[in-house]
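Have a look below at one chain only, the form predicted alone, in structure tokens format.
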């Protein structure tokens, strides 16, 4: 709906701008008028030969003055985009009767990659009429691919048109920019390990109790209420009573994602280039959420930030995964002003798998992880402060020394965190959580060493 309103507002942009003559055409007309007079007064017939081409071009240009009333409309595409995906914005122009060329230029904005690099495109204007319409709209396509998640600005765009010989021009007119929400690219993520402690009614994880499912458990005697399709006829024919096939129940689990947005360490350079700790956290959250919702698990999201704390209740399905991506794309980095111990509990039910995405440098996040593990929940702290997170190009020597000391303190804090029952694993993309999930499923409690 918002995208439709933007198109309707921009439909008439540029309609009040009229065609005007250029300085080149004005010079040609003046020289064509004064040249013969100067040739007669000065006795220079050669001036007539020199000015004749200009007079001819001026006459042809004046006779071919454009008659249309141009209009331009900027179409920035879908309301939500995905970082790293190819995206095209377009400028639709009408009323170009008599025009020879049309052009559009997309302004340079942060985290938007233009194609071509200079952001301008010029094409020949097509003024062939269509039945029932004045002229066929002319579309100028401009590549505008987002390179980082978040709210991004596409535009503004300047559109213009020119007649033959550059005698008359329309514009340039400025078409307002458009705001678009860019979703994080989760990337490839898959885990073959089952989630621990499944407690839901449906899902793809095998529970420890028998029930309706797809994985074989045993053969047992028929009981009232068993479905007839469960009867195992080979065993029944060899015995004196009916036997049925028993299965393990299929259950789901609740995966609670906790995103630490209190600090952004490193320099972000866009998808495919350098990434900050917050980039790793957001993209890892997107990948994990898409994986678990795709296999039927319930996923909730809690963003910890001093700017605005955001929560999304547990849900599953494709629509819920889309809501998680939108919430991740709106993440803002800001430190917490005050940490409330009561709000750290998050009211998560027993059996919840807690995945905390954090650089693990905040005392508040370390306390949260320890408190949740002390309650008996399975807690995985995903360390997003990876080796590829680059510091500033010219760091202050004092600040660099202080940061090294902080990293040493952080190593000791992570050891203490693991002793409280929190599994700490570095984020390495696909398969990062396989080992820790297998150990959780076997032991029931975390405690995996890095």
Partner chain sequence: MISELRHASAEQLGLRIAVLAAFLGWAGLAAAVSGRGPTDIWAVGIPLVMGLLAALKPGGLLPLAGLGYLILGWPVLSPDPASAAALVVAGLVLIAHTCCALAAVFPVAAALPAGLLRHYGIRAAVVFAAAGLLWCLVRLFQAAPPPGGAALLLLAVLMVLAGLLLHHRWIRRPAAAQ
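Not measured: the values here are computed from a predicted model. For clarity, a rigid core is taken as the largest C-alpha set superposing within 1.5 Å between two forms. Positions refer to the first chain, counted from 1.
This protein has a second form, the form predicted together with the partner chain, left out of what is shown; the following refers to that one.
With the partner omitted from this view, the residue of 256, 370, 183, 162 that lies near the partner chain in the model of the complex is 162 [heavy atom within 4.5 Å]. Residues of just one listed stretch (227-235, 260-268, 319-327, 102-110) have heavy atoms within 4.5 Å of the partner chain in the model of the complex: 102-110. Taken together, the three residues 24, 59 and 63 all come within 4.5 Å of the partner chain in the model of the complex, as judged by their closest heavy atom. A residue is said to contact a partner when one of its heavy atoms sits within 4.5 Å of a partner heavy atom; residue 424 fails this definition for the partner chain in the model of the complex, lying far away. At the 4.5 Å threshold, heavy atoms of residue 120 reach the partner chain in the model of the complex. Although the partner is absent here, residue 169 sits close enough that one of its heavy atoms falls within 4.5 Å of the partner chain in the model of the complex.
Although the partner is absent here, residue 382 lies well away from the partner chain in the model of the complex, with no heavy atom inside 4.5 Å. Shown without its partner, the chain has 46, 47, 48, 49, 50, 51, 52, 53, 54, 55, 56, 57, 59, 60 in segment 46-60 as residues with a non-hydrogen atom within 4.5 angstroms of the partner chain in the model of the complex. The rigid-core alignment places the CA of residue 33 2 Å or more apart between this form and the one not shown.
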